[in-house]
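The chain below stands alone, shown as structure tokens; this is the form predicted on its own.
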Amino acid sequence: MSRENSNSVGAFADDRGGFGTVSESSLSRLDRVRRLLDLWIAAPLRVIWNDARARIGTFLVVTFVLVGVVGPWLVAEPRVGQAGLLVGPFQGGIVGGSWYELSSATVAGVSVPWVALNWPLGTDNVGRGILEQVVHATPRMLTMIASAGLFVTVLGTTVGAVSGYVGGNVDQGLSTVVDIVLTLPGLPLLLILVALLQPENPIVLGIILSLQGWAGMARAIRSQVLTLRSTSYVEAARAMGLSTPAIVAKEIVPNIMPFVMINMVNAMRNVIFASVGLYFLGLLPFNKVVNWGVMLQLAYSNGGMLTLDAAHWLIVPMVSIVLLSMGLILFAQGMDRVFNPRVRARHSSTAGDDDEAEDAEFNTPTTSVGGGL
């Protein structure tokens, strides 16, 4: 009996207390790359495809991005007198009308069929195409909301996560700064800055319009982090000796990504409405700027609400604003499922068998959507 015990103890010592146990199977570098691509690219695409909200939102956002990136290369820049005055949309009917013409174009020396568009959405009172104005206003709008979203997200997430996780004097100092920013009068401050700076750069304008938005986001994220910093996986990361930036970046922030995504989208939508409103009221310089708010202001002041002949001039930019805003909301709701590891593991083909997916589901905190140890 004593010999058996000594043998078992010796075997236990040989395998270094059980920590030297290795897996019977190993993954090659190619297999690890394939699993990473499947987990972070293929599985999210499957989640988006299987969710109607994510599918519609992604389609709208990608469409606007393509219009903003490729559109100015394909559509002529709007200029005064390029067409007749107040031409209606789809002249002659959607089928067989005069707003399109079948022709051919030469691409790399090869003649290919082409459809030439003749002001399909009509023109304004000085002969500028409505479609041309919408397309050439899209890059500026996308740049503006992207800069505002990044500014609010990076600053609000960093301040809120550090303040909630570190606590103590750091929390008190950052909370005081957040309180001061929140108490500033938003609209008067915005009007003063716009009047003084007269910003024409879309990046600068986006940051000015979202100058106060990061504080509310930081306050909300701080409250989320306060509930996460005492969870078991954060305690385990702290026990393993990970640094505070590593814990915040790898354990805290991934678990609040849906919350961050919703706040970023709200900041983008607020910038859309604020910029359109300021351009509509004439508080921003728009002599050389094409913007949906400028189009609304010119259409309204030239009888867009009084006559059907100019109604399309008012309706088209309004529809563009609604579609972009709705696309951002649906895209953010769809990202809630993409950031959820349970849903992502269920749609991954290389995450292992059902047991592994079940493990991911049961080992994940119920209020989190990110990783963990």
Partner chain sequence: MSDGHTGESGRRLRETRRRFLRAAGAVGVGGAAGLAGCAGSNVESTPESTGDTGGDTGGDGTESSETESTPMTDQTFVTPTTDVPKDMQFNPYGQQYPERVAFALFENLLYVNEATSQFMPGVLESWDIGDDAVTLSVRDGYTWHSGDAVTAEDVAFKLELEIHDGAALSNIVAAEDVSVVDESTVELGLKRSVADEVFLYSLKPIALDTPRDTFGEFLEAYRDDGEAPGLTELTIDEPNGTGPFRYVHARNQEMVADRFADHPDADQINFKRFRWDYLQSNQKQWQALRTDSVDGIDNVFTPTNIAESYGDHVREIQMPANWGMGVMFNHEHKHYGQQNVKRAIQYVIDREKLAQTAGGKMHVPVEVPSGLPGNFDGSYKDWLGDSLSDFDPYEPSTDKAARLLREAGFSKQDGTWVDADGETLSFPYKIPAGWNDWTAGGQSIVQDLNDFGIEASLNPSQSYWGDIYGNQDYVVAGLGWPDGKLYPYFSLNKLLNGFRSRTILKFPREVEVAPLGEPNGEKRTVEFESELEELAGLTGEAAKKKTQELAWVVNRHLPMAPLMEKLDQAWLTTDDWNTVTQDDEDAIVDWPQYYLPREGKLTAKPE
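Numbering follows the first chain given and starts at 1. Quick caveat, the model's predicted, so the values are computed rather than measured.
Keep in mind the form predicted in complex with the partner chain is missing from the figure; the text below concerns it.
Contact annotation for the candidate site: 140, 203 and 271 all lie away from the partner chain in the predicted bound form (no heavy atom within 4.5 Å). Contact annotation for residue 298: at least one heavy atom lies within 4.5 Å of the partner chain in the predicted bound form. Among heavy atoms of residue 158, none comes within 4.5 Å of the partner chain in the predicted bound form.
When contacts are judged by a 4.5 Å heavy atom cut-off, residue 63 does not count as touching the partner chain in the predicted bound form. When contacts are judged by a 4.5 Å heavy atom cut-off, residue 257 does not count as touching the partner chain in the predicted bound form. Residue heavy atoms within 4.5 Å of the partner chain in the predicted bound form occur in exactly one stretch of 54-62, 309-317, 36-44, 325-333, and that stretch is 309-317. Contact with the partner chain in the predicted bound form, judged by any heavy atom within 4.5 Å, is made by just one of 240, 177, 85, 154: 85. Residue in contact with the partner chain in the predicted bound form (any heavy atom within 4.5 Å), chosen from 232, 198, 111, 118: 198.
Contacts between 257-285 and the partner chain, taken as any heavy atom within 4.5 Å in the predicted bound form, involve 281, 282, 283, 285.
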